[in-house]
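Take a look at this single chain, the form predicted on its own, given in structure tokens.
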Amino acid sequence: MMAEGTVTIKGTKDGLLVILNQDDWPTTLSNLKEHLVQMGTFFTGGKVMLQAGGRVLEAEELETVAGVFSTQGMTLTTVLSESAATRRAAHRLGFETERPKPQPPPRPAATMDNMVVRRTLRSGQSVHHPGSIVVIGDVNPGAEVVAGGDIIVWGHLRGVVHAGALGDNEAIVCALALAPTQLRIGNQIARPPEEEMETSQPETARVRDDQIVVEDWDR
């Protein structure tokens, strides 16, 4: 979760939930733009639910905020609000005003919070998900895995990974062979030594005392 000032951003099973806290509109809009720029391409192509609370938003303001998301490659689909006027404006623009109803997972291995990738990720391939990600295969150099939760690789991890990408420093990265070209957890970042030292023992990376440490997986 990323929270600061007038905007709170959370990853959910349905995509991104953006909560607007009470402040003047120009400040809120500026804060939203800043957060989305910081997130880079993490949610490019994703859907967004906007939680406006009791704030009254006209159709023009909703179109403006939808444009902000569009600039970052995201699509505003739902406007949640306690204000009847805001809901009416959202309906006129074609937005939903209720959370989507839960859908059964497409396959047993996929849960509401986790994504399972059953293949090796090769150079140039990337996987982004707001929950945790399990890769049954290798993550080769040049591949990227970014998760809002944990990352577990049942294979060799040699690419770029970012667990807890929404600011969760409690997230972990596990692999049967851990030798990433770059490893990030929450707001912390670690790079491998100049001489690559991949072990044959499963390992876990986590944040301790504001730095990333690597331990045996069974700890």
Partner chain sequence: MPGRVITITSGKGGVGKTTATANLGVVLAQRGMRVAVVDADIGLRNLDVVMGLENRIIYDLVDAVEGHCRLEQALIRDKRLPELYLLPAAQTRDKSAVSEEQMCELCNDLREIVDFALVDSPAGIEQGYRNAVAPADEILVITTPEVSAVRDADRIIGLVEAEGKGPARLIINRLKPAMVQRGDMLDTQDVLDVLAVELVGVVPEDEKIIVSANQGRPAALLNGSLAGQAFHRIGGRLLGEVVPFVELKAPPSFLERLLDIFQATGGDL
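Residue numbers count along the first chain shown, from 1. Predicted model only: the values in this text are computed from it and were never measured.
This protein has a second form, the form predicted in complex with the partner chain, left out of what is shown; the following refers to that one.
Within 4.5 Å of some heavy atom of the partner chain in the predicted complex lies at least one heavy atom of Ser123. Using a 4.5 angstroms limit between non-hydrogen atoms, His162 is distant from the partner chain in the predicted complex.
Proximity of Gly142 to the partner chain in the predicted complex: non-hydrogen atoms within 4.5 Å are present.
Heavy atoms of Arg158 reach within 4.5 Å of the partner chain in the predicted complex, making it an interface residue.
The stretch from 145 to 153, 124 to 132, 72 to 80, 89 to 97 that comes within 4.5 Å of the partner chain in the predicted complex, counting heavy atoms only, is 124 to 132.
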